[in-house]
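Shown here is one chain on its own, the form predicted on its own, set out as structure tokens.
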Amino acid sequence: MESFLPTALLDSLKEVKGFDEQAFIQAHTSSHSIVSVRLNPTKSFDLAHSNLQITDPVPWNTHGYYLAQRPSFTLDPFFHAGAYYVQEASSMFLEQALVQTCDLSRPLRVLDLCAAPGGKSTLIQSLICAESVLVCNEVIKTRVNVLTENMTKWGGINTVVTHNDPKDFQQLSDFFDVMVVDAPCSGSGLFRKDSAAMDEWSEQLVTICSQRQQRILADALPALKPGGILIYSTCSFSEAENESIVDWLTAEAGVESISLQIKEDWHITVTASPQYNAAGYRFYPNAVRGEGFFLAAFRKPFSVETNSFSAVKNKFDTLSKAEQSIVDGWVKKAPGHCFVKWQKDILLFNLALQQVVSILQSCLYIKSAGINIGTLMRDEFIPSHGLAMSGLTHENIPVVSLNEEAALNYLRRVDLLIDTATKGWTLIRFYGLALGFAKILPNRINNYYPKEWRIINK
């Protein structure tokens, strides 16, 4: 069968376990599109009012589902409410790596090192307990904003978004219990859904990516605790970015390979690295209902000496009694929650997050932390979009529910016509899920949906 795939890629995979060239080529010539989403377990919604046509579950993920076809996610208000994340099915396998290697019921410090746009970070946040803290880092400035948007919409209180180079985390030696590195790669696993990735692919790019992956891992690994879990993944088929990196990690970092339990009907290919026989997991699009993906799990060896961290003086101010009284009328009370002021913003933390942020702020650039609930301007509280997305809005805040047409107009930030006696700050909902805030005045309605997130198309 004639192939439009790079010959160099096909030749490089001939001896790789699980590779079936004709089936591989056939999968890439198929016009059938595989679409999957992962539901947010904290934001249940009625599928009858959504654009989603769910068929069956993604077998290795608790909240992942395949769709009958790709809808217009942009025109689904539930998408903007953070009710689900559009994620490639193979990458949802991260859940198995976490569940099988970690005790997720206990408080953990988790670092998602290459986090944008947020698929794996939102997955992790849904799995860890409330007392855990997730740090989502992105080194590319333009991608940090997308990451922050997606984490805000997901609504978790126990997350921090940072914008740092991997080497900056060396200042946090032995700090994290779990480190997830979904490394930048040559992207061959995405050829079927992204033709641009094929145009950019070359053997030289594979070499460059392999070297970059080693640098990222070498820079960041000191931040992982002895005994901590490292999960490494790529969306590449190339051995140089997968099994060779596994061998490099074993030799240079001394990490120990962890084997995962795989069900036969998942059709995932289990590989062994050529030098150290370390386990890896390959997803071929001709075998699984998903795109190309690779994952390997490791444990960092235990050592006698570990670093301990004491909280440094933080840069936050506490709220005055008057400010606290105003804020209390906006946010549900919950044990262990606290408010702090960060520049003009008021943030909602839990105690675990407060402790971690007091350490992180001494050596990292923090883009966002906890829930940004709003600002106080001359004793008036201006609620933020983060408060709406968190689900923690006080029950006394007025609510207006919109139909689909009105909800889409709200998300476009066009003029709203709402027949309601409600006045003042109002939480806008769509079939039970918050979309954001509006301020209803006697002669107009001020739409407070974030301008930079608004729907552009008609």
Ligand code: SAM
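Please read these numbers as outputs of a predicted model, since none were measured by experiment. Don't overthink the numbering: it's just position in the shown sequence, from 1.
Only in words, not in the display: the form predicted together with this ligand, which the text now covers.
Asker: Is residue 117 near this ligand? Define near as a heavy atom within 4.5 Å, in the model of the complex.
Answerer: Taking the distances in the model of the complex, the answer for residue 117 is yes, it comes within 4.5 Å of this ligand.
Asker: Would residue 196 count as a contact of this ligand in the model of the complex, using a 4.5 angstroms cut-off between non-hydrogen atoms?
Answerer: Residue 196 lies outside the contact set for this ligand.
Asker: Using 4.5 Å between non-hydrogen atoms, is residue 76 touching this ligand in the model of the complex?
Answerer: Result no; residue 76 lies far from this ligand in the model of the complex.
Asker: Should residue 182 be counted as a contact of this ligand in the model of the complex, where contact means heavy atoms within 4.5 Å?
Answerer: Contact check for residue 182: yes, within 4.5 Å of this ligand in the model of the complex.
Asker: Which one of 216, 278, 157, 231 is close to this ligand in the model of the complex, taking close to mean a heavy atom within 4.5 Å?
Answerer: By the 4.5 Å heavy-atom cutoff, the listed residue in contact is 216.
Asker: Among 223, 97, 139, 340, which has at least one heavy atom within 4.5 Å of this ligand in the model of the complex?
Answerer: Of the candidates 223, 97, 139, 340, 139 is the one lying within 4.5 Å of this ligand in the model of the complex.
Asker: Spot the stretch among 258-266, 182-190, 200-208, 362-370 with residues whose non-hydrogen atoms come within 4.5 Å of this ligand in the model of the complex.
Answerer: Contact criterion met by 182-190 only.
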